[in-house]
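Just so you know, structure 1 and structure 2 below are the same protein chain in two forms, each on its own as C-alpha cells.
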Structure 1
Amino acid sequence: MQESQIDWTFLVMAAPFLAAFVAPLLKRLLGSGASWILAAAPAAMFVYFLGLIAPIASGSVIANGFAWAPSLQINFSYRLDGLSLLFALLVSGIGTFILIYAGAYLKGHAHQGRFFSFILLFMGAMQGLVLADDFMTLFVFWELTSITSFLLIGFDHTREAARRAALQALVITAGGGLCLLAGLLIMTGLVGVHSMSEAIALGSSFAENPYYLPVLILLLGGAFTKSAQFPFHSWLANAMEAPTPVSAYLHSATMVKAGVYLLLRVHPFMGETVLWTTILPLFGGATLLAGTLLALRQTDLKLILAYTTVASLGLLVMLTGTSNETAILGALVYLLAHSLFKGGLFMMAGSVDHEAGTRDLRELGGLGLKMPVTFLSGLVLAWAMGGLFVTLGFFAKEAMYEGLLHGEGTTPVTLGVAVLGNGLMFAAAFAVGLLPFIGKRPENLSGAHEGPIGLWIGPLVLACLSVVGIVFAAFTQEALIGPTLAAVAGAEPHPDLSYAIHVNEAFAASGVTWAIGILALLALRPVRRGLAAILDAIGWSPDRGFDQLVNGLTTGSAAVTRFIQNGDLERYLSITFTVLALALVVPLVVFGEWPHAPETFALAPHEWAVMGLAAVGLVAVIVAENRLTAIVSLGIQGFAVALIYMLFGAPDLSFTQFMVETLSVVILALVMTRLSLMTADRRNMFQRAKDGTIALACGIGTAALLIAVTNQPFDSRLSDFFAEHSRTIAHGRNIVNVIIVDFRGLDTLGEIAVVMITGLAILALLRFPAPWRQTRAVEEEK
C-alpha cells in the first residue's frame, strides 16, 4: 500500500462511472453535442495514463489497494505495469473518439442519453478489468463487461435479432466467466494466492503445482469465450446488431481483447508448458482460418470486419501460445496496430452506412470523391491491416514471422497458417477500405457526401497513429512495447522496433502473404461463391448449434418441471424428504461416520414417563384411522417435547414449543370449519411402505446426526463468549433472550416475518370465496 493522501488512479477508475451517471442529464441539456463534453472524461484518463509512461518504462510497477472484504482477504486493488498501461491507454484513447463518433452517428436518436451511459459504464468496466490486481476485483469487472455489453448489443431492443444477439453474447461470455471464477477460487483456496502480483511472483514454478491443469483449463474457458475463439466465435459476429460505435469499441480496444489480455497476464506463471504451447496454437490457428474464410464469405462491411476480428484474436492467441519472445513481440505490436486500424475501419464503415444508406459491398462504389476524408482514412487503415510498409502492421507481421521461423515452440504448420490467414485478412482489409470508394458509383448513391467532423475525426486520427507509431518507433518501443513485453515475457527484452525493411526469410513470407491477399482480392466474387457453396453443403454452424443447445435446455427443463412440479402435493413432500434422507444418511454410509451410542443413558422415573408419553403419541399418529385423530395425536408429541425442554433446563424453548402447539390447535380449529379432516387414509400398502421408509430414513439420519454432534468434545468458546458479553454488551442476564433479541436480532426479525406471512397466507386461504372452491372441486372431479 502506498502512503498518499489522494490516489488519482482510483479517481480515474471511477471517472467513467461518474460520467455515466450525468450523461442523460447532459444529453437533455446539450443534445448530441454532449458527446464532446463527455469525451473529456476518457481524454483526461488518457492524459493521466500518459503521465505514467516514464516510471513504468523505467521498470516500476505501481500498485495500491484497500481492504474490500477483510474477512475473506479480498482487496480492491490495482496493478499498473507495461501490459495494463497499454490496455488502459487504448481503452481511454479510443474511447474518447468513440464518444465523439457516437454523438454524430446517433444524432436524433430518442435514447442517445441512455446510450452514452451504457458506453461509459462499459468503458469503466473494461478499464477496471485491465487494472485489477486482486482476483475478485478482476472477476467483478470481468462480469461487468459482460453485463454492459449485453445492454449495448441489445440497445435496439425492439428488434428480435438484437435481443437474440445480446442474449447469446451474455450466455457464452458469462458461462466463460463462471469458468474463470472457478479457476480463481482454486488459485485462492488451494494454491494460496489472491492476486495477479502474487501469482506472477510464483513464476514458472506454478507449472509443477498439482492444480496447474484444472486452473489452466478453467482460465482458458474464460479467455476463449470472451475472445471468441472457435467454436465460441459466433456471438462476436452476431454482436454486429449493436450500433456501429459499439462495434468499433468492442472490437478495437475492449471486451473481445479481454481474453487475450488474460492470457498475456497469466503467461509469466502459466506459459511455456507443453499444454500451453499445444492448446493455444491449436485453437488460435483454427480461429484464424475460420475467421478469415467467413470474412471473405460476407458482403456486409461490418460482418467482414467482425470476422477479421475473430481471425485477429485467433492470431494473437496462437502467437501467445508459442511462448516465443519474438513471436510474442509480434503479437503485442499487432495488438496495438489492430486496435488502431480496426477501430478506425469500423467507424469508417459506419460513416459509409450513415451517408450512403447501405453497407452492402455489392451496392457500394465510387464514393472516393464524395467522401474524400473517409476514403483516405479507410485506405491508410486497410494499408495498415494488410501489413504494408511504414505501418505498425508491417513490423508486427515481420516480427511474428521471424519468431515463427527461428523461435522455439513453433512448427511449419504454424507458420503456414499465419501466412495464409494474414493473406486472407489482406484481401478483407482492402475489400472494406478500398472497394466502396473506387469504380462506378451507383445512381442511388448520388446524394452521398462527407459526414460531419464527428464521423471522420476518429478514423483519420487512428489512421495517422498507425503510421506515426512506427515513424516514431523509438518512443513506441521504449514507452509501450518494451514495458509490455517485459510484463508478459518476464524478462528484459530488447525489441528492435523500426520501419526499416530487412530482406530476409521473414520478408519473403510477407511477400507470399501479399501475393495471397492480392489474388484473393482480385478473385473475391468467385472466392465468395465457393465459400458459400461449401458452407451451404456443411449446413451446420456453431451459431445454429447455440440455438439447438438453448432449445434442448428449454425442452429439457420443461420436462423436468412437468415431472417434479405437477401439482401433486404428495409428490412434492416425497421428493423433499427423500432428498433430506439421502443428504443425512448417504454421507454416514459412504464415509463410515456412524456415531457411537451414548455410554450412559440414565433417566429419572418422571423423565421416562415423559419419554413414554412421546412414544404413545408417536404410536397414536401411526395407527390413527383419520386425519383429525392423527393431527391431535401429533400434539401429544409436541407437548412431550416441550416438557423435555423444561426438564433439561431450557424454559424459553419449552415456552416457545407450548406456544407453537397452541397456535397449531387454533389454526386447526379454523381449518376444521372449512375443510374435512375426517377423511380416512386411502393409501395402498406400497405407498404406505414407501412413505414409511422415507420417514424412517429421515428419523434415523437426524438422530444419527444429533448423536454424532454429541460425540464431539464440547467446545465452550461460543457459550463462554455469550456468558461473558451478554451483560456487558446487550445488558441482559438471560443469555437465551439476549441471543434471540440482540446478537441475532436480524435473524429473529426474519423468522417473525416468515411466521407472520405464513399466518396471513393461511388466513387468506380460509377466507377465500366459497364459489371458487366449488368451481375448483367441480374441475377436479372432471
Structure 2
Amino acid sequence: MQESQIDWTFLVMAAPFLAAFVAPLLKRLLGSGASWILAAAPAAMFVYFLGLIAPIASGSVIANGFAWAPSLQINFSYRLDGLSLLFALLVSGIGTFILIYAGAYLKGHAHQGRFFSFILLFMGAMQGLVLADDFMTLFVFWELTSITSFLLIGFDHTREAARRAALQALVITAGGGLCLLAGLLIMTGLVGVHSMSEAIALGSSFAENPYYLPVLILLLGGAFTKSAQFPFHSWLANAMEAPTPVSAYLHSATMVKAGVYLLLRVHPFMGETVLWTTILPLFGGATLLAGTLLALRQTDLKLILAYTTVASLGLLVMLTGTSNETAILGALVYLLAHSLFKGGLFMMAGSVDHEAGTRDLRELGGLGLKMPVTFLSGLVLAWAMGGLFVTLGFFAKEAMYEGLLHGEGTTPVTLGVAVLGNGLMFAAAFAVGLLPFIGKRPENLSGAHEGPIGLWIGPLVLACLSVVGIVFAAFTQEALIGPTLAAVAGAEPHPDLSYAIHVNEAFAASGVTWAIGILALLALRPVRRGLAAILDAIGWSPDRGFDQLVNGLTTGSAAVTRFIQNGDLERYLSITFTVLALALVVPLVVFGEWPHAPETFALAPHEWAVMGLAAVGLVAVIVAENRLTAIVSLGIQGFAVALIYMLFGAPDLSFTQFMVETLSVVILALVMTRLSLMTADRRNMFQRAKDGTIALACGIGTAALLIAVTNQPFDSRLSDFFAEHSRTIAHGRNIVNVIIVDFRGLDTLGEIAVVMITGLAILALLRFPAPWRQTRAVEEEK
C-alpha cells in the first residue's frame, strides 16, 4: 500500500454513513424517488468491490489501517480476502435493491427519510463488520449492527409488538456482543493477538492454547445470538415486526449472517477441533429442525420465511461445524444462494402484502395472472430455495450432501438432519413462492395488481442471479466461491462447481429431500395443524422464556428496591450518617490516632463573633418551633461558615458558599412546603437522643479528621505550581477559577454534565410522583 494514495476502501466504508447523513434531506427534496439516488451509494460500493474480484481471486489479501488508539494498540483496519469480499458484495449488492424497494414500499410513509437513514447506517455497520480486521474495529461495527437493527426493527415505534421485538433483538444480540467482546479481550490481553490477520496467522496451533476453550465459548456466544441459533432464535422471527425491506435485508444479506460470518472467519484458527465439530453441528442441527418445523406451522408469509431463515442459519452453522472442505463449500454456495433467494422472497412477500393487503396464506390465492412478474420471480426463487436443478441452491445442496456423505467429521445423523431439514424447507419455499399465486382467487383480492417497478425489480434481478450464478458456474467458482473457500478452509481448495447433474449418492439424497418436500407441501394443512397441536402441547418456547426472564428481572429488581429503599427518608438519613460516623470515628479509635488539639485559639474578637454566630444558628436550628424557622436558622449557620471562609482568605469559596446557602434555603423551603412548613418536630425522646448521638459522632469525627489533616506538614507543591503557572500558562490571576476552567477543564466538563443529569433526574422525580402518592391523591379525591 502506498502511503500517499487515497485508500478507496476507507472511502467506501464511509460511504453509507455519508449517504445516511444526507438521506432525510434528499427525501424532503425529491420524495420517495430519492431512493434511486441513494441506491447509487451501495451500487457504487458494489462496483468497487467487483473491481477487487480479480486481485483477490489471484490470492492476494488487501489490508490497510491506521492507528486509532495507539496507547491501547487499537487500530482501525480492514482486511479484504475472499470471505470479506463475498460478504461485502452481498451487503452492497442486495442493499442496492433493498433501497429501491424501500422507496416504493414505504412510499408516502411519514418517516421514510428517517428509514433511509437507518437502513444506510445499518448497511455501513454491516459492511464495516465484514471488512474489519482489528478486533476492536470488528467489535464496534458488530455492536453498531445491533443498535441500528434495533432502530430498524422498532421503526413502527407506535406499535407495542415492534417495540418489544426491537428490545428483544437488542437484548439478545448486544448481550451476545458482550460475550464476543470478552472473547476478543482474552485474545488481545492473554494471547496477544490484536487482529483477525494475526489470529489467522496462528493457524490451527491456537487449538493447543490454554485459552482456546474460553475464547471458543465466548465467540460462540456472540455468533449464536447474532445468527439466532436455538435457543436464541426467537428474536429473528419477531424481527419481522420491522417493515418488509428491513426483514428482507436483515434476513438475507446482513445481520443474521454476521454470526455465520464470524464462525467462518475464525474457522482457520479455531475450527477442526473436537469441540468445534461437536458443538456447532449440535446447535446448528437443532436450529435447522426447530426452524423448519416452526416455519411450516405458520400461515403468515413473512413468518414462514423468518423461520426458514432460522433453519438456514442452523444449516450453515452445522455445515461450518463439520470443518470438512466439501461441506463448507456447500455452506458457502448455500450462503450465496440463500442471500439471493431469501432477499428476493421477502421482497416478493412484501409486494403481495402491499397489493393484496394480507400476508395470510389462508386468504391468498390466484394472484398469478394479476401479478405475473412477481409470480415469476417468486416461482424461480422458490425453485432455488427448494434446491431444484439449474439454480445455485441445487449445487449447494449437492455439495453439502457430498461432504456429509464422504467427508470427515460427519455422522449419518448430520446427513439425516440435513435431508429432513432441506425437505421441509422445500415445502416452505413453495408454500411462499407458489401458493399465493395459484388456485381460486378470493373475492376481496380482485383489486390486486402488479406494483410499480421499484417493488418487483429487486425480486426479479435476484431470481435471475440465482439461475445465472450456476449457468456461469466457472465465474462463480473462480471469482466468488473459490477465494472464499480458500479464506475459510485454508490451503488451496478446488471447488468443483458446474451445472451438470452427477448421478451419485448425493443425488439420491436430493431425491429423498424432494420427496419429503413434495409430500409435506401436499399435506401442508394437516402438517400445520399437527405441528400447531404439538407446539401448543409443549406450551413453552424460548420466546415466552424471554418474556419470563424480562419480567423476572423487573419484579426481582422491584423487590430489591422495596427492600433497600423502603421510602422512609428518616431511615435513609440515619443509615447514611451512621455509616459516615462509623467511618470517621472507628479508625481514629481503633488506631489511636486522635489528633493533637490545636495549640492556640488566638482569634480576633470579630472572628470570635462569627464563630458565635455559627453557634447561635446551630442552637436556633435545634430549638426551632417549626420547620421554616429551622431552615432559615440553618441558613444563619451557613452564612457564618461563609464568613469564616472569607476571614481566612478564601473569597471564592466564601462567595460560592453564600450562594449555595441562599439557594439551599430557598429550595429546602420549597420542598418543605409539600410537607407543611408549620409542623413541629414530632420525634419522641428516644429518636431525638439517637439522632443527636449520630449527629454528634459525625461532627466530632469530621472535626477530628480535619484537625488531624492540619496537624500534618502542608505539602505545597500543587499550590506552588498553580500559583506559579496560572498567570503564565492560563493568563488568569484567580487560581481557583483557572483550575476549574483551564488546568482541570475536563473534570469540570464532567461535573457540569453530572449537574445537568442530576437536574434532569430531579425533574423526572417531580413530574412522575411515586405510585403510592398517586393512589393517595386518588383516595383523597374520593
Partner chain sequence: MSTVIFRAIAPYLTALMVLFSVFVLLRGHNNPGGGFIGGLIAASAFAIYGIAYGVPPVRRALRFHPMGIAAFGLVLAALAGVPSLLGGKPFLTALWAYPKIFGMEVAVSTATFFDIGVYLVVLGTITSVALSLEERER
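Numbering runs along the sequence of structure 1, starting at 1. Since this is a predicted model, take the numbers as computed values, not measurements. Rigid core here is just the name for the largest C-alpha set that superposes within 1.5 Å across the two forms.
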Looking at both, which one would you say is the form predicted together with the partner chain?
-> 2
Determine whether the C-alpha of residue 658 shifts by 2 Å or more between structures 1 and 2 once the rigid core is superposed.
-> yes
Please say whether, between structures 1 and 2, the C-alpha of residue 578 moves by 2 Å or more once the core is aligned.
-> yes
Core-aligned, does residue 189 move its Cα 2 Å or more between structures 1 and 2?
-> no
Inter-form CA displacement between structures 1 and 2 at residue 593 - rigid core frame, Å = 22.7
